[in-house]
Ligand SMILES: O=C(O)CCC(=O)C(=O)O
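Here you get one chain, nothing else, as structure tokens; it is the form predicted alone.
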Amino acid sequence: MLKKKQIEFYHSNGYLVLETIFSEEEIIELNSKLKNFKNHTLQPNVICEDNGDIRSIFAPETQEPLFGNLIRDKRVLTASEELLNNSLYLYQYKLNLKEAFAGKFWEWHQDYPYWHYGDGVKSPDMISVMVLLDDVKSYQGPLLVIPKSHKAGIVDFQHKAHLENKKDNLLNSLNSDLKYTISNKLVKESALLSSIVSLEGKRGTVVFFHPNIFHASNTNVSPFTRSTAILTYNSINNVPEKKSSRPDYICYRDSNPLQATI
């Protein structure tokens, strides 16, 4: 059960870090399954970099059931319910992998615009939970956030002329050339006001973050991998009013409330 100060910190800053929530043994077991995804790189839910390295794996539990255990884990789900003060369902689930020496960056963006414009989600009554599957230090491309930026709502996007005619290109919500990125001017203004926080930590650490918080990450130039699991929950009162045209592995359809495991 979260403390009142932790809940207040999340709502004030847009993120919350809980250190070493998962044991070393649990993380080792999850990591042991990552190599198996290399056999699925031709599947549409597996997004690869230009060099063939895996960037993201959506709906990982469909290919490696062990990852399904995280969905209802009380350390993840119950804390998310407390932060949103509501019952939740799983909206999206992915693994983000940054291979050693080559894992590419993520531009400054907010997650909610993709779910609002792409799927028709009415409000940002959602939360994402990142589980660190590796020790993450500054040189591995950790998640960068700007505290309190989530309070701005959906903000101005950086103009990208080369994407103007690619409105329905699914990859531009999944690759390193994102469709909805925050304007450079606003990123600088916000960083000067609230600074940039690098969310480093030991594997097993969990990061909760708001769908509108400004966030990004650098390329992994280190000789160490940086793997994370990211679960996004949506309030059961915030289900899209119409069916999204995006694939099921991007936007889950089952909006029945989840029950946490003991």
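All residue numbers are counted from 1 along the displayed sequence. On a predicted model such as this, the values are computed, not experimentally measured, just so you know.
If you look for the form predicted in complex with the ligand, you will not find it shown, but the lines that follow are about it.
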item	value
Contacting member of Asn212, Ser217, Ser235, Thr205, with respect to the ligand in the predicted bound form [4.5 Å, heavy atom]	Ser217
Candidate from Ile182, Val129, Leu143, Leu88 lying within 4.5 Å of the ligand in the predicted bound form - any heavy atom	Leu143
Segment that reaches the ligand in the predicted bound form - one of 119-127, 70-78, 185-193, 90-98, heavy atoms within 4.5 Å	90-98
Contact check for Ile57, Glu61 and Tyr252 against the ligand in the predicted bound form, heavy atom at 4.5 Å	no
Partner contact for Ile47 in the predicted bound form: the ligand, 4.5 angstroms, heavy atom	no
The ligand contact in the predicted bound form: Leu34, any heavy atom under 4.5 Å	no
Touches the ligand in the predicted bound form: Ile230 (any heavy atom, 4.5 Å)	yes
Partner contact for His150 in the predicted bound form: the ligand, 4.5 angstroms, heavy atom	no
Members of 95-118 lying within 4.5 angstroms of the ligand, judged by heavy atom, in the predicted bound form	Asn96, Lys98, Trp106, His109, Asp111
